[in-house]
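Presented as structure tokens, the chain that follows is alone, the form predicted alone.
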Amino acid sequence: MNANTASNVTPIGAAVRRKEDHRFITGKGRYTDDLHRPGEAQAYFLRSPHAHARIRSLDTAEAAAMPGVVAILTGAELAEDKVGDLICGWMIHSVDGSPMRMGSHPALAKDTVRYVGDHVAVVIAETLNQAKDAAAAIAVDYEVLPAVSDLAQAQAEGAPQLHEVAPRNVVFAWELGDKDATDTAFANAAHVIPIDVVNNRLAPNPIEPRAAIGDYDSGDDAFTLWTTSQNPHLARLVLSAFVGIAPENKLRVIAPDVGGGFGSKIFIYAEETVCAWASKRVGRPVKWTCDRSEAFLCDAHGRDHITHAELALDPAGRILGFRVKTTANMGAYLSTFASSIPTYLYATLLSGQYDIPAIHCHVDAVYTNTAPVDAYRGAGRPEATFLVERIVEIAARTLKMDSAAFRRLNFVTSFPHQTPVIMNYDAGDYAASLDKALELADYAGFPARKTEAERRGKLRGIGLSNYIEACGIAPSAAVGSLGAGVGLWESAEVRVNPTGNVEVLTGSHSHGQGHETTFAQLVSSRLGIPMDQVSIVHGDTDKVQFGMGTYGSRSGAVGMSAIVKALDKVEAKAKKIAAHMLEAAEGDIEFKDGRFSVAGTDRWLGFAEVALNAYVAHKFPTSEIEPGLKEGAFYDPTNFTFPAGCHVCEVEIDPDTGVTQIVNFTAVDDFGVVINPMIVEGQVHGGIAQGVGQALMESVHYDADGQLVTGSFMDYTMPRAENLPSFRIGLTQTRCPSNPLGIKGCGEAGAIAAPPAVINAITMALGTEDVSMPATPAKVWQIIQAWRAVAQAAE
């Protein structure tokens, strides 16, 4: 008999340092750019300098003769090999029932380029510098066409057209909600609160740029693609079934360590497609690593909405209805999941935390001559939350009600709660999060702090943001009915080795979330074994069964739930084996803290001993029990999960410079059951930093000709330590009923909640609602100067 002591077990809820960090901080990470294949050549993409142009001719003769050049490939060779277009995997239908208008998106342009950075040709050479030199020698004759980069002008009469299939550049005109009921609510309203909002375009900027290595093995007629992907199985599926690179059984996709994604590495891009295809074309492995300038040009951007909305209120301030008209920028092409972002991931959250009887939302998605727009941390929920929390704040101020009191008056208070926009909130306590946030932020003491700031010549404001989001997007049947081209379940396999250590193979993928720690923590807690006896395997389609990857804060709620189901099967089989070993009835076997014991006796076996006997197979009839201890499972949730909370931002503004300083930031979140609070706190910190970046400094800008003018960190400002205070973090907890662990998800909360909290604080400090993101010092200073000019004129 043997057993692990309780001290060797890491329970759920323990703040454990991340296992994977040792290799990351000691430079032992294995990123795609760290890898090299024998005989590999380097790829460099020639990109369009024009936002919209027809390719009259493309002469590669001089470039092909330059030193080190292996090949120059264009859209002509791509078509010759019958490589298909990149696809969008979520079908949206317009109000009239017509399908979305998806323009052709080849991995290398055939005859027209549609944004600056569009892929014209790829040069493959012995070295990267040789490839760059050759690319500069390619002669392209462009017929420059009119371009439209301004979202507000894309549908205008006579605007340049990007795709023949999309008149007036409209991809779809989509609606959700009950228009008649909403119109009735407004007809009966005592107050109507309008708002106009621009949700600024963002560049994702993960620390590790994208990269790919394509390697064709002529002996097996098979491809291997190493790539920076958040979902390698989906990449294999798309590249095989839709793009046509190779049959699925002849394509292996490996996503090794990935240094951040924030959504930008979910999608199937031209570069990895070309690297895989070109490796067969040239007979050598082909490697490409993105530089930061390319990332600004070609990584899928996020957000970019223009919205007009109105809120209907009764005399007491209760919300009666909400109507929304949004124009969403899709960029030049539809990216992999782009169509779902301004529709089912946006409009379905427009009820926020509030009991709103009637909602109607209309969304026009349009093409522009800009980089494609797709999911970025939060993906639709930040856009919805910013709109809801800004208009709710304006409503409270218009009615001269305390902001917290107005929110409390309108909260959903009983669960489950069916919203008028599909979502059924299963559990929550929004007042608890609000109360705790107000206490931690010393909301009651704000007037005194404001007065003290005024004595120092500063402007001070405080802003609330009560967010809700939908994570763990599911069930598959539901998202399928809404147009998703894939199921959104997750898979897991638990392999118990003869010596009792465990390998967990998961379809989730880690790119900074700490899965190697939290997943091992779950197994340790469940099986009663030390965490260092648990290995987590992911990111390789030849090792791991099909899985759906990581995005939308789904790894805990969906990925770990699949592991729980597999562990259930492991425990059930191990109990059968233990019963034979202990010569007891299976029903009398109890398993706890790594011990299989006979109820009511002192007879027991340790987990490792049972594992060994599962493989030795001497102590049980193999006609009844198969040898081995390995089980797999797929988990498809019954509902979304709904993390929620309250964030409070307090700012101080210097009126002479327009500089906004965040002096306090409080975040209280309900993430359901928390596996590792240290990792959760880190996720909250990172999300808030990105949300503050959007609110104060980050914004992608194109000029009228479609040239990107924020193409480097000299022009695109990112938040730094000096822009952020020490956060006050708190948790409340309502257990999620739709998964076995009660997890809701935490990865996107900060990016969702922070922007409206920051802008609500700034608008309070300035005394005007007319502040758009990013609220840069120049913008704030101009507002203050205009206010001073009016005040002086009045004197």
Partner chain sequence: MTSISMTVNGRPISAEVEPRTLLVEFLRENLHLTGTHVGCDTSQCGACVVHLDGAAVKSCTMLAVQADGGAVTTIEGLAPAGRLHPMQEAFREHHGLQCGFCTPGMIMTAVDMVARLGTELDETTIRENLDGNLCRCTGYHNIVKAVAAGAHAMNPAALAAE
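Residue numbers count along the first chain shown, from 1. Since the model is a prediction, treat every value here as computed from it, not as a measurement.
Absent from the display: the form predicted together with its partner chain. The rest refers to it.
Undergrad: Would you classify S555 as touching its partner chain in the model of the complex, given a 4.5 Å non-hydrogen atom cut-off?
TA: No, S555 is distant from the partner.
Undergrad: Mark D33 yes when one of its heavy atoms lies within 4.5 Å of a heavy atom of its partner chain in the model of the complex, and no otherwise.
TA: Residue-level check for D33: yes, a contact with its partner chain.
Undergrad: Answer with yes or no whether Q690 is in contact with its partner chain in the model of the complex, where contact means some heavy atom within 4.5 Å.
TA: Yes, Q690 sits close enough to its partner chain in the model of the complex that at least one of its heavy atoms falls within 4.5 Å.
Undergrad: Is M718 one of the residues lying within 4.5 Å of its partner chain in the model of the complex, judged by heavy atom distances?
TA: Looking in the model of the complex, residue contacts with its partner chain include M718, since a heavy atom lies within 4.5 Å.
Undergrad: Name the stretch, out of 328 to 336, 191 to 199, 258 to 266, 82 to 90, where some heavy atom lies within 4.5 Å of its partner chain in the model of the complex.
TA: Comparing against its partner chain in the model of the complex, the contact stretch is 258 to 266.
Undergrad: So which of Y115, F386, Y376, F607 gets a non-hydrogen atom within 4.5 Å of its partner chain in the model of the complex?
TA: Looking at Y115, F386, Y376, F607 one by one, just Y376 meets the 4.5 Å heavy-atom criterion.
Undergrad: Just one of G487, G317, P725, G103 has a heavy atom within 4.5 angstroms of its partner chain in the model of the complex, so which one?
TA: Contact residue from the list: P725.
Undergrad: Under the 4.5 Å heavy atom criterion, name the residues of 285 to 317 that approach its partner chain in the model of the complex, in sequence order.
TA: In sequence order, D291, R292, S293 come within 4.5 Å of the partner.
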